[in-house]
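In the structure tokens that follow, the same protein chain appears in two forms, which are kept apart as structure 1 and structure 2.
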Structure 1
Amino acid sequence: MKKKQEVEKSLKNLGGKVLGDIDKGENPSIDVPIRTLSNVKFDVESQMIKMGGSLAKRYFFNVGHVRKFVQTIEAAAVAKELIDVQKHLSLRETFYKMKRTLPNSNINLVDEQEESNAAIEDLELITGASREFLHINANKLGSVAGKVVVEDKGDTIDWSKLGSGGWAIPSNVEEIIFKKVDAKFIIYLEKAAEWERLHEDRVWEKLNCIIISSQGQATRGIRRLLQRLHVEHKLPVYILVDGDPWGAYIYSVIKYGSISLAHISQELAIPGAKMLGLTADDVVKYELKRHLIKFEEVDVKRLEQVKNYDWFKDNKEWQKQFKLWKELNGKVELAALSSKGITFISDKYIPDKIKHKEWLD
């Protein structure tokens, strides 16, 4: 992670480079690392998805580039201002700050938040500074509970004393200080509903662990929090996702990093994370076949895709799972475990799995 001065300097360099081109009478250009599967590599040694070296040149005087070019420079201008005044904006707020109408036209500089988000991600790649250091935050989307005490912005928070809602994980967890960590491991859940199940059953107390959830794909704040707990306090991370290719990818993002954020895998990936469930084997073992939701065409396609990712390709255990999923031709949600009993997941499924080390790596 870069220090504040370094971030400021790289923003300044970006502006200087463009001005230099203009001074020389050249078509202003910036180099943007490419964020697609073709430019990421799975680094076997570090067990992380890493960014390749491919750069795309983005020009101002190019019909296809001009819009993105100006969006990127505008994102840099916003970040500089935020750093100068020591304030943070959410991605949504940044979108509104960047949104303006070009004079004598009906063109907006950004029309959708996806455009400003993409400009910010490009800016991260160009400056080498992650979003949080550019003072731009994502939405809070996750909850956490467990025997941990943290300090955030001068406030002390005990994760075991926050009622039924738990602690809402902020998008920027860099400044959080862990005061006291009694938990022995972390359970991450893809679904907030299952987190509430575990929380109501006080699993974190019974098993002496931390329970963390997101809603769908884990956000950066959650991933960074998981990584910090894992690295700084040596806590094993166990992952619970729906049994389908999408769940397998959520697991792999936490473990190895993601394609779109390959440039900051170092700060986010947890190669030691284990997949607790739901596995294809679970479907057989826990008689969940009747709860299978038949694969749609997109699911089958996604299964093929995920199966062939470098980080799964040579993993025999996982390939066995994918083969079995294909045979089952359907997915199973975590919620389906409640068919075995209201607290089955808390009292039986999780403790048994951890006890017998029944996970995928």
Structure 2
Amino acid sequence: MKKKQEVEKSLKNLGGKVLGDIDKGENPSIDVPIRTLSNVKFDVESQMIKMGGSLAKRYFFNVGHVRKFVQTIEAAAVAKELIDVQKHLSLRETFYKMKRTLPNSNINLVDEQEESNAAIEDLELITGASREFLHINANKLGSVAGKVVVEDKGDTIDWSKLGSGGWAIPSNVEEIIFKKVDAKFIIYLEKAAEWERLHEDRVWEKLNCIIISSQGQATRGIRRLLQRLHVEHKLPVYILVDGDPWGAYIYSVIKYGSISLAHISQELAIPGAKMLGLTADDVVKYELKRHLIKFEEVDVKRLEQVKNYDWFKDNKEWQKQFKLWKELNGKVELAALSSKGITFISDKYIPDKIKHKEWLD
């Protein structure tokens, strides 16, 4: 991960390159790594999704390029200002800072946030720095609890003493300092409701672990926090998601990285992560068939897509799971485990699966 000085240097190099083109009387251009599936590959050795080396050149004096060219340069200017004054903006705030009408025209630099988001993603690719190091943050969408003490912006925070809500995970976790980590492993849950079940049952205390949740797909801040704890403190990561192809995809993104963020897989992916549940086998073992929610066409299509990912297609155990899900023709949510008892997931399901190593890799 690039430090402040390296990020500043990358931004200055970008500006210097454009100014150099102007001084030489050439059409100003920038090189942007191509963010498409054709330029992404699964690296078997590292077990991560990685960006290829293909580049697209954008020119200022090109009617098809000029809008994205200017948007990317503006995003760089905003990032440089933020770094200089040591402040941060949210993605939404960055959109409004970039949104203005160009002089002597009725054209806005950006009309929708999707445009500013794309410009920031391009800037990440050009500089090799994640948006967090560009001082641009996303929303907070996760909670954590455990016997961990951290220092964040000068404040000391004990994750075991924050009441029923736990600690709200910030979008930027790069500057967090771990003062104390007393845990054997991490449990990540895609559903906040199930995290609340585990927190109320004090699973983090009983099993000496850390419990982390999001709401659906894990944010970059959550994924980075998971990876930091996994790498820096050697903690195994166990993932709990709904039993469906979408849950398998959430697991896949945490473990291998994502196609859209292939350029920063090194900072986000956790190849050692294990899928604890909910598996198709669990549906049978724990008699959850009556809780099946019939697949819709979109679910069936997603199942076919996920089963053919390079990192799944030759994995016999995962292919068995996909076959079972197809036969079941339905999904089961984590919440269905409550039908076995209010605290079943905390007292029986999770402890037994970890004890007997019943996970997917």
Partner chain sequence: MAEKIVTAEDLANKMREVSVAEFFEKNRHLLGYENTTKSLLTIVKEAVDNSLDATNEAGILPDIKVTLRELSPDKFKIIVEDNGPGIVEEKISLAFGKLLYGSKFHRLRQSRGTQGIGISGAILYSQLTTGKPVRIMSSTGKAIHSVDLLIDVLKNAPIAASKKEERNPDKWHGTKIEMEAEGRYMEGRQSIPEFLKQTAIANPYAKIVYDGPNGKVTFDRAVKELPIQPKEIKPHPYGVELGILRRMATNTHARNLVGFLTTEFSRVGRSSADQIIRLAKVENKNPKDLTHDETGRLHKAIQMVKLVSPPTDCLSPMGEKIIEEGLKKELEAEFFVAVTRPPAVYRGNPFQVEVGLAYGGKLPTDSTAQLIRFANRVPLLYHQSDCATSEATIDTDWRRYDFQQSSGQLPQGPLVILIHFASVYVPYTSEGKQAIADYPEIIKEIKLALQEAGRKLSIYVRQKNKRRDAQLRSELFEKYIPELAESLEKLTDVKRQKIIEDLEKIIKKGVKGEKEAGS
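The term rigid core refers to the maximal set of C-alpha atoms that superpose within 1.5 Å between the two forms. The shown structure was predicted, so the numbers you read here are calculated from the model rather than taken from an experiment. Residue numbering: sequential along structure 1, first residue numbered 1.
Between the two isolated copies of the chain, the form predicted alone corresponds to structure 2. Shown in the overlay between structure 1 and structure 2, fitted on the rigid core, is a CA shift at residue 338 smaller than 2 Å. Superposed on the core, the two forms barely differ at residue 292: its CA moves less than 2 Å between structure 1 and structure 2. With the core superposed, residue 12 shows a C-alpha displacement of at least 2 Å between structure 1 and structure 2. Overlaying the rigid core between structure 1 and structure 2 leaves the Cα of residue 22 displaced by 4.9 angstrom.
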